[in-house]
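Just the one chain here, the form predicted alone, laid out as C-alpha cells.
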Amino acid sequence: MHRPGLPVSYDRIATIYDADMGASMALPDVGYYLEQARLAAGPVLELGCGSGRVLQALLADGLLAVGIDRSLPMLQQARARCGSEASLLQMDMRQLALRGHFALALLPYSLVTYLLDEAGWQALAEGLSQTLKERARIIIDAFIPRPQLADGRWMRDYARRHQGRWLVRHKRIQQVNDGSHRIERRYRLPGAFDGRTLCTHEQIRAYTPTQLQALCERHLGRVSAIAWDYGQAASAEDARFCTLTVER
C-alpha cells in the first residue's frame, strides 16, 4: 500500500522523466556530484538514482558506483542509459538492505524532501550506518522553499518538445495541515497516456537550509560544508538549491 511521501508517481512518468524533471535542472549538479565522487576513497552509493542521470556520469568516469531507487520503471530507464553492467537495486531509502563499505552516499535532487518526519530521517540514518564505512561522507541537497509557490493555484510549468511532440505540464502546490505539501501535476502529450491527461500527486516536506542542517546533524553527522546552487551562488538569497556535505 502506498504511504504518503513515497514517490510512486515516478513509476508513471519514467518514460518522460528526462524531458520532464531531468530537463528542469538547469544547474550543474551532475558535475558537482562527479567532482565529489572523485574525492571519495571508495565506492559511491547513489540513493534515488532515477533514470541514471547522475549515475551515468560516475560510471563513465570509471568510478565504482551503485544506484538504488524505489521505482522499478525508473530503474529500467537507468539500465537502458547506464548499460547492462551497471549495479542497480530496487530499494527504498528508508529500508536500506545493504551491508557495504561505501565511502560516499549521494542523495541528489531534493530526495530528502520525501522524508516527512523524524521517523523517516531515523530510518535513513539506521540504514546508512550499516552501509557506509567509517568516516564516509553523505551529500544531501534540497530546493530552497519559496512560500509564494504553495498558493494552491494551477500554473503552467512548461511546454517542451519531446520526440517531436509538445509535452505540457501544469502543477499545483498546496500546504496541508501538518505543514507538508501536496504536489499535483498534469501532463499532456499527443499520442501518449492512452490519449488522456496523466495526473500524478505526491507529498513532500520543504526544508529551509537551517532545518536541513539541523536534521542532518541530529541524525547523520556533522555538516562540514554547504554549497549554494552547486557552487554557482554565493548565498541562500541568490540560490535555488542547498547542498550539504555531512561527515560521519
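We number the residues from 1 along the sequence you see. All figures in this text were calculated on a predicted structure; none of them were measured in a lab.
FYI, the form predicted in complex with a small molecule isn't displayed, but the following is about it.
Trainee: Can you work out whether the small molecule is within 4.5 angstroms of a heavy atom in all three of Arg53, Arg94 and Tyr109 in the model of the complex?
Mentor: Yes, each of Arg53, Arg94 and Tyr109 comes within 4.5 Å of the small molecule in the model of the complex.
Trainee: Taking heavy atoms only, is Tyr10 within 4.5 angstroms of the small molecule in the model of the complex?
Mentor: Contact with the small molecule, yes.
Trainee: Flag Tyr114 as yes or no: does it have a non-hydrogen atom within 4.5 angstroms of any non-hydrogen atom of the small molecule in the model of the complex?
Mentor: Tyr114 belongs to the contact set for the small molecule.
Trainee: Is the gap between Pro209 and the small molecule in the model of the complex 4.5 Å or less for some heavy atom pair?
Mentor: No, Pro209 stays farther than 4.5 Å from the small molecule in the model of the complex.
Trainee: Considering only heavy atoms, tell me if Ala65 and the small molecule come within 4.5 Å of each other in the model of the complex.
Mentor: Although the small molecule is absent here, Ala65 would stay clear of it in the model of the complex, with no heavy atoms inside 4.5 Å.
Trainee: Using a 4.5 Å heavy atom cut-off, indicate which stretch of 150-158, 128-136, 68-76, 164-172 touches the small molecule in the model of the complex.
Mentor: Of the options given, it is 68-76.
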